[in-house]
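Only one chain comes next, encoded as structure tokens, the form predicted alone.
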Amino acid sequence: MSTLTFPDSLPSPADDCEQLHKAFQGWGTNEGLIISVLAHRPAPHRREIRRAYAEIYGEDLLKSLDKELTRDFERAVLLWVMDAAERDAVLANEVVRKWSPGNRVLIEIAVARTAGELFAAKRAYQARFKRSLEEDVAAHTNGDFRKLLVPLVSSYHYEGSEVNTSLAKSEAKMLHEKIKGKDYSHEEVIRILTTRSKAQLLATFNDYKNQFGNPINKDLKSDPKNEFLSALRAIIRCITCPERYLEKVIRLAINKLGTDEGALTRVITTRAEVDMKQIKELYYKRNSVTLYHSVKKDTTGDYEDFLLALIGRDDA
């Protein structure tokens, strides 16, 4: 569920554009006014604001914001104003260009989104960068990671609830054999994880535990420093409970020696209108402190005010 708060009656997009343009005038930018508008408008309304701003002032709102804002606050606002598909395309491109084995953003985009959302992100990627996401992933990754990530971003998963129980049992056995033999990048392991529906995979993971006694992710912890195993575990966590996975991303971003603003910004801007309420509840259960309190403690200034407006101030 979303954590955004809106006025009882939303102003017209033209009125919001006027307020934003006013915030850009004079000697200094009125960041508070920008926050009061953009942090309290739903995605369809923000889309209309951006369209109206270009019509009225002859410039993309993103360009105006880029000229007026700086640092982490600028990054958060720009991502927030983008459509979800455009935002994922930009995040994916940044990761692909600077790809490293420890980066999990492509997994988030490929697995924690619906099939339709991933398809929209790939269309936005091609429109913006004139290449396919699959093409760039293949060009910038290598080895086992290329074998895993290219099909992961290429698949269009069935999202229904139908499950083949005999297939779940046989594929659970296959996964166990490959994991036991440390053949983690075997083509069958990758095929199962990248092509099966969420419902089918949940049934397979359940059968794995019933047949062999351990959750599959526990058996994938044989080498904690192995980044490929870590990537497999991230895929499985995003399948079984993306909110729990993303809570951990936020927790690690905040608990680091020095906040990981990139991860914090990414999760809050991409999930505030999706499942931030559940992420906040999980964060509180895990840490005995509200996410609002942790973000307030670890961030400052306009960046702090913007993130807090997106996650909302409540009991969890």
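The model shown is predicted, which means the values in this text are computed figures rather than measured ones. Residues carry their position along the shown sequence, with the first being 1.
Just so it is clear, the following notes concern the form predicted together with a further copy of the same chain, a form of the same protein that is not shown.
Novice: Report the residue, out of Arg75, Lys169, Arg123, Lys209, that has at least one non-hydrogen atom within 4.5 angstroms of a further copy of the same chain in the model of the complex.
Specialist: Filtering the options by heavy-atom distance leaves Arg123.
Novice: Would you mind picking the one in Lys180, Lys130, Lys225, Arg97 that has a heavy atom within 4.5 Å of a further copy of the same chain in the model of the complex?
Specialist: Residue within 4.5 Å of the partner: Lys130.
Novice: Only one of 151 to 159, 88 to 96, 104 to 112, 238 to 246 has heavy atoms within 4.5 Å of a further copy of the same chain in the model of the complex; I'd like to know which.
Specialist: Of the options, only 151 to 159 has residues within 4.5 Å of the partner.
Novice: State yes or no: in the model of the complex, is some non-hydrogen atom of Ser197 no more than 4.5 angstroms from a non-hydrogen atom of a further copy of the same chain?
Specialist: Heavy-atom contact with a further copy of the same chain at 4.5 Å: present for Ser197.
Novice: So in the model of the complex, does any heavy atom of Glu135 sit within 4.5 Å of a further copy of the same chain?
Specialist: Judged by the heavy-atom cut-off of 4.5 Å, Glu135 is in contact with a further copy of the same chain in the model of the complex.
Novice: Should Glu117 be classed as touching a further copy of the same chain in the model of the complex when contacts are defined as heavy atoms within 4.5 Å?
Specialist: No, no contact at 4.5 Å.
Novice: Any of the heavy atoms of Asp83 lying within 4.5 Å of a further copy of the same chain in the model of the complex?
Specialist: Asp83 lies outside the contact set for a further copy of the same chain.
Novice: Contact check in the model of the complex: Arg251, Asp305 and Ala309 versus a further copy of the same chain, with a cutoff of 4.5 Å between any heavy atoms. Do all three pass?
Specialist: No: none of Arg251, Asp305 and Ala309 comes within 4.5 Å of a further copy of the same chain in the model of the complex.
Novice: Go through 179 to 195 residue by residue and record those having a heavy atom within 4.5 Å of a further copy of the same chain in the model of the complex; state none if no residue qualifies.
Specialist: Result: Glu187, Glu188, Arg191, Thr195.
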